[in-house]
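Take a look at this single chain in structure tokens; it is the form predicted alone.
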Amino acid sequence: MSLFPNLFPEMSIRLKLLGAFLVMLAGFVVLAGAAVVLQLVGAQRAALQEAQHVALAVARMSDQPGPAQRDRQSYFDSLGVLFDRDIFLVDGRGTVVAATDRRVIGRPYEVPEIAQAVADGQPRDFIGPDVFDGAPAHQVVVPLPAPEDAAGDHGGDAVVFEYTQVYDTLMAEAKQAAVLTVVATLILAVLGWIMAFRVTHALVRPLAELEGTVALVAAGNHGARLRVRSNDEIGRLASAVNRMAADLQRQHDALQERNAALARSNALLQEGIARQQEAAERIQHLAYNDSLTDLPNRNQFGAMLATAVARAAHQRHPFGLFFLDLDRFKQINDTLGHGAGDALLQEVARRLRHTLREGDAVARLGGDEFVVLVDELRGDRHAEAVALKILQAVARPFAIPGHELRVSASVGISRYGRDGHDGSTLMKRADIAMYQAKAAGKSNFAFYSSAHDDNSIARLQLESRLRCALERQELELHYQPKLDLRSGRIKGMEALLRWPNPELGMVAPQQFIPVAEETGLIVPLGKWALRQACLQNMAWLAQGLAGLTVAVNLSPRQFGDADLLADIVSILHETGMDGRLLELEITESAIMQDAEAGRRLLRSLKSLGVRIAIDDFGTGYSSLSTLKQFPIDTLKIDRSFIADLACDPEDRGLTEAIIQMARTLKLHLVAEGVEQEAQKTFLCERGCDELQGYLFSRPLPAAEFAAFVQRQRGIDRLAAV
């Protein structure tokens, strides 16, 4: 759109257009000026040509032979009438020899141009003095040809023609035309400039709008649109820009939707990554921390112990391990439920953390077992002080929701260097020391001693063998008859657990029952014994040994098991035995751990027809009012009272009191451990219902017991005959 598109690249189109118009107007003005100049020059040339033509014509006429020569003056007179100009003829000496005005004849007219024209033989124009008044006048001189007889007198050398009037007339016309040209040029220039502004505005305004709209679109305002005013190139360009903006708007909307979708996807991805990161951290935490107490678990403590061992070996840095086990925790957990047990473990963990120094470490290995690593253990006195702090922290009452509990702990101590140089050995020996502390009376601590190592190893081996015995069906039941004093017949028996081990021989119950109780094996052992006793009684019933009641012992830990009632119901249903043929023997202490829970359980068992017996009665702290709260059927007098009946008045008095209490409560009474006739006589005279002991029979295997009962009943039948 510019005449010079590559010039002034920074200049706006408006300025370029106006500049182009200005150049065009300047050219037009120059052309107009040139026309004026040409008009003036043309007028001058026209005046000169006219004067030259007239002068040449006069010169030719003046040079003709004949009458014209004779009467030149008359010819000039006629010229004066015809042209109304000053025309005269001068000779070679510059004297006027003929003229349209006779007054100048004979006057000298010496002008250098005349002599020059004559000398050159060419016409010549000049501005010379008027012949009359000497004023400047436009004149032209035409030389005459030289005569053939140069010696003779001729008519003159040149004709001078004064054409000022013609010049002035033609110049006036030329000037008038020039003025008209200039005026027209100015008018056209003004109109052209106005038109240039209008055209420029008409062109630039849509371009400016186009530029502004494109800038808005580029800035993100894709809704901006141009108004299409025409169908020319600019209009079509505006339509194209509008289409482009609409396309950009659609693309922008699509992009926004995709960005929103990507943002949502990214948010979901980030959330997924965060959850994965959180899960990974949680997994990492769970892998090395106990989920209940948030203490380091066995894995993390193993790494901590390995670090401590490496540092101790390299820097002679002493440390000690304290193996901690809670006493009676299983009873609390089984009686009050796992929620109370978990709350107790969490509080124990909190107390241990607050009891130890910052550099020490505490971990939970599982169950109710904790282990403490005490850094820089200075000696046995330091170890004793730490153990006492731990025991005191655990001994304080625990405020569990709904209960106030008191527990104790047993702590075993092993020391790096003295008791071992690797983590495995130190852990094992701290565990052994803990069992020694528990055996010494609980709520106690003990240092590892090699003197007790053999006993501890033997105990661990016994526990391992007991587990295998349950899996291999090595255990068996023996049955001790119970004699009814009124009828003299065997009406029942007590099932007693026995363990004939292929390597150890017959393992005494006093050896393996405490181990089973501490490790929790007593629960599956008791369940097995209960099922086996019911199966055996049903087998005897099928053999004709009817009316036998089988008594099975329930340990405190088994009585507190949450699945006990369901197990008994399942066993009775499985074996088909009438619940009235089953008697469960429970100690006073087991019932009194949680009196209300025990009362509910006993009532549920009574609803099945099962009989309830209090075993080892007299060794506990039950009162008559306490016993009245429970649905009890039988009291069993502990063998410790029966053993010295013949010689100990105090035992006789206590036994008589127990018998009287049973009579008051209308309970069935069984005396166990009867080995002498005097004991039998005393108990029979006092009204005891049943006797059990070596006086009649030791505990017998199933086959021997059946034979014993059959013999006894055979004797009874013979006596009746």
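All residue numbers refer to positions in the sequence shown, first residue = 1. Just so you know, these numbers come straight off a predicted model, no measurement behind them.
Omitted here: the form predicted together with a small molecule. The next part is about that form.
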**OP:** Find the only residue in R311, R459, R639, K491 having a heavy atom within 4.5 Å of the small molecule in the predicted bound form.
**Re:** R639
**OP:** Would you kindly say which of M427, L581, I522, L226 lies with a heavy atom within 4.5 Å of the small molecule in the predicted bound form?
**Re:** I522
**OP:** State yes or no: in the predicted bound form, is some non-hydrogen atom of A529 no more than 4.5 angstroms from a non-hydrogen atom of the small molecule?
**Re:** yes
Original post:
Taking the shortest heavy atom distance, is E675 within 4.5 Å of the small molecule in the predicted bound form?
Top reply: yes
**OP:** Although the small molecule is absent from this view, report whether G19 comes within 4.5 Å of it in the predicted bound form, heavy atoms only.
**Re:** no
**OP:** Indicate whether the small molecule has at least one heavy atom within 4.5 Å of a heavy atom of T634 in the predicted bound form.
**Re:** no
Original post:
Looking in the predicted bound form, is the small molecule within 4.5 angstroms of a heavy atom from every one of Q480, L497 and D615?
Top reply: yes
Original post:
So which stretch, 547-555, 212-220, 375-383, 166-174, is the one near the small molecule in the predicted bound form (non-hydrogen atoms, 4.5 Å)?
Top reply: 547-555
